[in-house]
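Single chain ahead, written as structure tokens, the form predicted alone.
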């Protein structure tokens, strides 16, 4: 069983994102960021094929970054800050149009970053929702406020149709393997600030370097 097919653990995602931020929250460790993402992929896969349009892409992006970490310049990819500085100073990023670096670390992380915003919004909506809330509505709202902005019309339409078959809120909470509904809400309450902090740091770093629109 591959690491992305194991049982989902919300605790694991919490620990990974908690471990991400270093240097007084002034940098993000790529290895822990990818670990957190592997957990989120397991979460999406545990709900069937509904989220495969995101999870498949996330898996390929995780693999690209793991190759960088294991490669000869791996140390340069240890943190987001060092990756951005290294790739920009070495002209390894296609800033304005797709060119010879379609799988730069900066572009790859940006794609994960955009998807993280959607999952962050969705999980926060789940956490604060009422028992009879419709998960498909919560998910569609989160998607349309985030990832949909970067997807062509056909993918947006397919996604919104796919969300209609999402299970109930209680099923979502069972998938998280934490315990009671209250336990899940508590752990999401603990985890989401860390996910938010990682997202906000990445957003700020990319904004400073004008990397938020890499094609």
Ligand code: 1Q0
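Quick caveat: nothing in here was measured; it's all calculated off a predicted structure. Positions refer to the first chain, counted from 1.
The protein also exists as the form predicted in complex with the named molecule; that form is not presented, and the subsequent description refers to it.
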Selected contact from 115, 92, 84, 138, since only one has a non-hydrogen atom within 4.5 angstroms of the named molecule in the predicted bound form:
115
Could you check which residue among 192, 21, 205, 10 gets a heavy atom within 4.5 Å of the named molecule in the predicted bound form?
10
In the predicted bound form, residue 155 touching the named molecule (heavy atom, 4.5 Å):
yes
Is residue 122 part of the interface with the named molecule in the predicted bound form - any heavy atom within 4.5 Å?
yes
Can any non-hydrogen atom of residue 40 be found within 4.5 angstroms of the named molecule in the predicted bound form?
yes
Residue 111, heavy atom within 4.5 angstroms of the named molecule in the predicted bound form:
yes
If you check in the predicted bound form, do 58, 126 and 151 all have a non-hydrogen atom within 4.5 Å of the named molecule?
yes
Does anything in 32 to 56 come within 4.5 Å of the named molecule in the predicted bound form by heavy atoms, and if so which residues, in order?
37, 40, 43, 44, 47, 51, 53, 54
